[in-house]
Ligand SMILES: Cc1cc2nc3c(=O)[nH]c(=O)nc-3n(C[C@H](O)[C@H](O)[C@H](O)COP(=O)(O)OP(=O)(O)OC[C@H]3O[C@@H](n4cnc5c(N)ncnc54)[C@H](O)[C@@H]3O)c2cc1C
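The chain below stands alone, shown as structure tokens; this is the form predicted on its own.
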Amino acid sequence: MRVLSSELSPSARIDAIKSLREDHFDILVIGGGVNGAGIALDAASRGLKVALVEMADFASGTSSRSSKLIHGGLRYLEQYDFKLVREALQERELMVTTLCPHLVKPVSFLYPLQEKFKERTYVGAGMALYDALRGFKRALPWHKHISQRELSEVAPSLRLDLITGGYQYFDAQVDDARHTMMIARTAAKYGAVITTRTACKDLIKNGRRVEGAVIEDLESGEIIEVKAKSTIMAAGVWTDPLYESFGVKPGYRVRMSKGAHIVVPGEAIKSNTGVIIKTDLSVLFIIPWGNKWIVGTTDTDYEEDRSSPLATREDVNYILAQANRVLEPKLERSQVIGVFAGLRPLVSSDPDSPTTELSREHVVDHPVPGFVTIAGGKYTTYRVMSEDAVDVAITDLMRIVPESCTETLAIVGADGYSVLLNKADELAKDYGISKEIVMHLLNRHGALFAEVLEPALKNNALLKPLIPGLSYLKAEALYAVTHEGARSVDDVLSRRTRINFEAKDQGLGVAKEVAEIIGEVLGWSETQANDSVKDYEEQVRAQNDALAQTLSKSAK
């Protein structure tokens, strides 16, 4: 009998590949983004036999390149999309309180006002509706009005010659890549077979009915026929090309919308709160992220390479221009220390409509027996989307299946998290680390805290940070491969940690050390370790070249 565990170790992957080869599944999930991981968890928690295959790493696409917000979507109120806002707000409350309070944290935002009466009444009514739509569960405070005098204390960087006051309200934020991976681990805990570096090459068909998929293990080159009664594709922006390659007619089309962001140092903006700015096209967020700020996002049509969306000069110019409408001193191009861009898979029936006007509602398609796809939606509503996809897929199983139970199903690390928070001082003393590091670990791993630090009890060097000035420990790099499914230096530096995103050198200085830490667990030869480092170095070089070109003086 297979022992169930959330551990995504190298040996667990060997077992998972064996299971793909030998077992028959109720549900096969294609895609390891937040929707694919959510679908695997929903189906597994209903008692179904589930497998998930992902061609790269968890959240390696859109799900690691979001604005890091769990929110209702204040701007969707103007589009009268009350259902979506209510749904998203209810999911936000669930995540903050029940599902993953160790990963999803409240964050305040200020909506600045430039006109004293009409705008204040209009925006105030919107804020009241935003609060009301979240229902009776109220983990986050109500909005409140901020006077111009208070504004100078709350957000000194806002232009007082232009802004007359504002409204402060709360949403939440998350490390999206970590959250997605933890959902996948939770699915494994409840029996799902989870693999990365496994690409779907084709569907297995019997007449019109789909009976699984042909999978390639990209590490060994083995081709595996995975048998399943229903296959659910949650491939995001890869949906259309996969439909075409499978020879299946889609019930919808996916429009790619690019969302670009810039990263600036904490000292670039003086504010105790995030800021949301209404633009002519959409909204712009100034989001606190540790000791840095994320500023974005854009919302533009994208028809280029799906695998490597990049922020352009126009994207950066737009973001800076919109932010500088309300900031003093203004952000300079030279202050930008990083850029990143993700692609939204939006469902569209009108190829001429602007992406800003496209609904963020999701669509589930069931084009042929045994094959279901899902696209659209928001990161915040992944759980609802997953439930809807599984509800459609189980019609292929021809038997009674329990209803979804994920509304009350905590993500691994949530149970016991609040107790450990109360013991933070004691934990710091026990492990000989600072309380700051304890809080860092609790807010990334939750109740798995002791599991992360267990190897450090024998090797004290693992308690040291990977990079001075950042809180990521060497023990976390090791844990990334022993428990979190990391298979490369890039996995560790780009998604299990956000060193690629947060370090001045994007982690180049520690890439070799990370390869040494993880290589022993992965059974790497010296050549394999060097190749993983080189792959990461080439990726960072490409990012830096793009950033340099984007921020060059000629872009002014």
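Residue numbers here begin at 1 and follow the sequence given. Just so we're clear, the structure is a prediction, and the values are computed from it rather than from any experiment.
The same protein also exists as the form predicted in complex with the named molecule; that form is not shown, yet it is the one meant from here on.
Taken together, the three residues Cys200, Ala234 and Arg344 all lie with some non-hydrogen atom within 4.5 angstroms of the named molecule in the predicted complex.
In the predicted complex, the named molecule lies within 4.5 Å of some heavy atom of Thr62.
The closest non-hydrogen atom of His261 lies within 4.5 Å of the named molecule in the predicted complex. By the criterion of a heavy atom within 4.5 Å, Thr186 is excluded from the residues contacting the named molecule in the predicted complex. In the predicted complex, at least one heavy atom of Ser67 sits within 4.5 Å of the named molecule. Segments offered: 53 to 61, 486 to 494, 506 to 514, 523 to 531. Contacting the named molecule in the predicted complex at heavy atom distances within 4.5 Å is 53 to 61. Shown without its partner, this chain lists Pro101, Gly274, Gly376, Gly212 as candidates; in the predicted complex, only Gly376 has a non-hydrogen atom within 4.5 angstroms of the named molecule. Along 8 to 45, a non-hydrogen atom within 4.5 Å of the named molecule in the predicted complex is carried by Ile30, Gly31, Gly32, Gly33, Val34, Asn35, Gly36, in order along the sequence.
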